[in-house]
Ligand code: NAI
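Before any questions on how it binds or moves, here is one chain, the form predicted on its own, in structure tokens.
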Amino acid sequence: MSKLSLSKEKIKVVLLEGVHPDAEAMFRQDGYNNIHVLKSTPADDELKALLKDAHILGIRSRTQLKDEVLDACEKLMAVGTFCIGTNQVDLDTCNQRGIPVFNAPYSNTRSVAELVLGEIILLLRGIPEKNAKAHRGEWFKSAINSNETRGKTLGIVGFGHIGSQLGILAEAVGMRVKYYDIENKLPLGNCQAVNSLEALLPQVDVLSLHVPATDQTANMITGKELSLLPQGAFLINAARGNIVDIDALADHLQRGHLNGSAIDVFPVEPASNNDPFVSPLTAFDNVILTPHIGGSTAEAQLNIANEVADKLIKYSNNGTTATAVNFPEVSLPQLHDDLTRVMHIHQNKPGMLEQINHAFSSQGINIAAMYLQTAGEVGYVIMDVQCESSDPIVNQLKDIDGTIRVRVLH
């Protein structure tokens, strides 16, 4: 539990997994100097020792921030995942400990959409198979199963930021675009909404998946769904690895029902670039396999670094939690020079606000501004106050039953 405000020089920032250097630069430009940058994630014991006194942590997709590691984080106040997903973080535990988690949900949108568009063109032309044969010294010059994109139908499952941008790019090369989403999404361009996955599948030449990893999307595409695709169709998955039944996909490729596929994400992925990649899909010349690099472009990594570092700095500097994935969202103004900001993170239960207000009034502290938001089991109250010393009010707030964390900014 934070008792007093820390100077930026004392706040320990840890950035793991080769986070783009612009993230470190942004912290340093803002006055943070106690920064530890590693290209990978240390083994468990070393990681726990590193994070024991860390205040801010930045990771990518491989670092597993679960209960055992979080137990070792005695001072952690914020986490940034420098990627889209947050599955690697125990969000509920962070929430219960008053630790907001930030990510970059849209920064690699263009990169993923461009990769998928390129894969569509390559698959429709039969390039993967021709390329594989050429590498083996075989000359496979043929127009069989080689087609233009113009006039073909692209089916998109999940019409969010990536899916909708892909639709715009696909229309630009002459494709008809149809999509299915569990939410009502406004069509863009000439895209057409379809009211169910089962209705969409028989209509497409190419199916591209762009949904998050949830209980609802796990094994969304099995042998049953693949059988609904037309003969000679293509499947692309650049979303999450547990969406597609890989064995069922291999079976449909083996039988020639599908003319090819492009897969960027897998149910089980190697822990590092030095570990072997194993998949039944490696047996097929007509399948594009990429190592989870949909968002791995210089532009995307720069955008992610800037977005997540900015969110972490704003939270550290003034308590803003806008766009946090697990925490009450509050967008706060800059703190005036003559005020002290007291932030109280607590269990969301009846009577908390009354006790917090009583603590300030009993100390004779004037409240200049107050902000409040709750999310699930956690509440977040921010008071901008006029006081000579914050020690008495901090001590009183700490004694309130249900208090998770108290932070003070001067």
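A residue's number is simply how far along the shown sequence it sits, counting from 1. What you see is a predicted model, and the numbers here were worked out from it, not measured in a lab.
One more form of this protein, predicted together with the ligand, exists but is not displayed; see below.
Exercise for review: Please check if R176 has a heavy atom lying within 4.5 Å of any heavy atom of the ligand in the predicted complex.
Suggested key: Flag for R176 set to no.
Review point. Any of the heavy atoms of F266 lying within 4.5 Å of the ligand in the predicted complex?
Key: F266: no, not in contact with the ligand in the predicted complex.
Point to revise | Contact label in the predicted complex: Y106 to the ligand, heavy atom within 4.5 Å | key: Flag for Y106 set to yes.
Check your understanding: If you check in the predicted complex, is P212 within 4.5 Å of the ligand, heavy atoms only?
Key -> Yes, contact at 4.5 Å.
Review point. Which one of these stretches, 274 to 282, 179 to 187, 131 to 139, 318 to 326, sits within 4.5 Å of the ligand in the predicted complex when only heavy atoms are counted?
Key: The contacting stretch is 179 to 187.
Exercise for review: Would you mind picking the one in T217, N306, Q203, N286 that has a heavy atom within 4.5 Å of the ligand in the predicted complex?
Suggested key: In short, T217.
Check your understanding: Which of L258, L207, A238, C94 has a heavy atom within 4.5 Å of the ligand in the predicted complex?
Key -> Exactly one residue meets the criterion: A238.
Review point. So which residues in 281 to 309, when you check the ligand in the predicted complex, have a heavy atom no farther than 4.5 Å from it?
Key: Those in contact are H292, I293, G294, G295.
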